[in-house]
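Below, in structure tokens: the form predicted on its own, a single chain.
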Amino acid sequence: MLNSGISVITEGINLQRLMGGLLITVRIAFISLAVGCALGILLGLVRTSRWKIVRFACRLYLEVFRIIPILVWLFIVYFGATGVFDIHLDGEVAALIVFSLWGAAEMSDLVRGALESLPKHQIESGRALGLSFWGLYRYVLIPQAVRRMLPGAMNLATRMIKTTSLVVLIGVIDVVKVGQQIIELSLLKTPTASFWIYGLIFLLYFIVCYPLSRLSKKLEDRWDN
């Protein structure tokens, strides 16, 4: 029967533990996203610099995060860096470092692309009005660039939330790890535990990610009108 075993979700403190794991997942994702966005906007502005060496350094930073899998970065920071520098680093802190740097790299490319896609006459008009360098960016370029990079930024946010499931491999007890522990403990008593637990985890990820998609669509529609 399909409904046999669904009680595994509410047995004991299983549901409470899953919600606690989800809180860790969301905390890692949103703190990393906030830090990554702040750094990424600054790097995106730097990437429009006239100096080739500066653009090359920023491009290199982006490529190393695109080429090397996030899982490898997690291992480098959690196992490699702590061994080399003889420091103790909590798994969640290591995850925050890696996801923040990854978010900054991806966000910088979104900002650069949005700024460079703006018509040249926008810059010329701003200068003709006597705006300073920072005034030009603050009042003319950045507001328009935000609209253009919004879909990509929301896509990055949902990717980051989903990719946090990798943190179980460095010992972080997130919602996926809690689910695995519950399944292992319940498998003999409830053979269908994996279906119900992973089904609930799927639903939890959907509940977290779907509002971001709706928010993006709503903002796009408002700005288009």
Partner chain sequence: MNINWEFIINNVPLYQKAAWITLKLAAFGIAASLVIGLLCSIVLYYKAAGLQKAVRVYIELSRNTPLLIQLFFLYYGLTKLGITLSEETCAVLGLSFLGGSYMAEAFRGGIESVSRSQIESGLSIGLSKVQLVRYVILPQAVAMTIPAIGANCIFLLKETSIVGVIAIPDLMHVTQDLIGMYYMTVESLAMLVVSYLILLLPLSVFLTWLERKVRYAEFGN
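Note that the rigid core is defined as the largest set of C-alphas that superpose within 1.5 Å between two forms. Positions refer to the first chain, counted from 1. Keep in mind that this is a model prediction, so the values were computed, not measured.
Omitted here: the form predicted in complex with its partner chain. The next part is about that form.
Ile67 is the sole member of Leu60, Ile67, Ala34, Ile53 with a non-hydrogen atom within 4.5 Å of its partner chain in the predicted bound form.
From the list 124-132, 144-152, 69-77, 89-97, the contact stretch for its partner chain in the predicted bound form under a 4.5 Å heavy atom rule is 69-77. Remark: Arg27 does not count among the residues lining its partner chain in the predicted bound form, judged by a heavy atom distance of 4.5 Å or less. Mapping the unseen interface onto this chain, Ala157 falls outside it, with no heavy atom inside 4.5 Å of its partner chain in the predicted bound form. At least one heavy atom of Val168 is located within 4.5 Å of its partner chain in the predicted bound form. Shown alone here, Ile9 lies farther than 4.5 Å from its partner chain in the predicted bound form, counting heavy atoms only. Against its partner chain in the predicted bound form, the set Ser117, Tyr137 and Tyr139 makes no contact: no member has a heavy atom within 4.5 Å.
Residues of 179-193 placing a heavy atom within 4.5 Å of its partner chain in the predicted bound form, in sequence order: Gln180, Pro191, Thr192. After superposing the rigid core, the Cα of Leu215 is displaced by 2 Å or more between the shown form and the other one.
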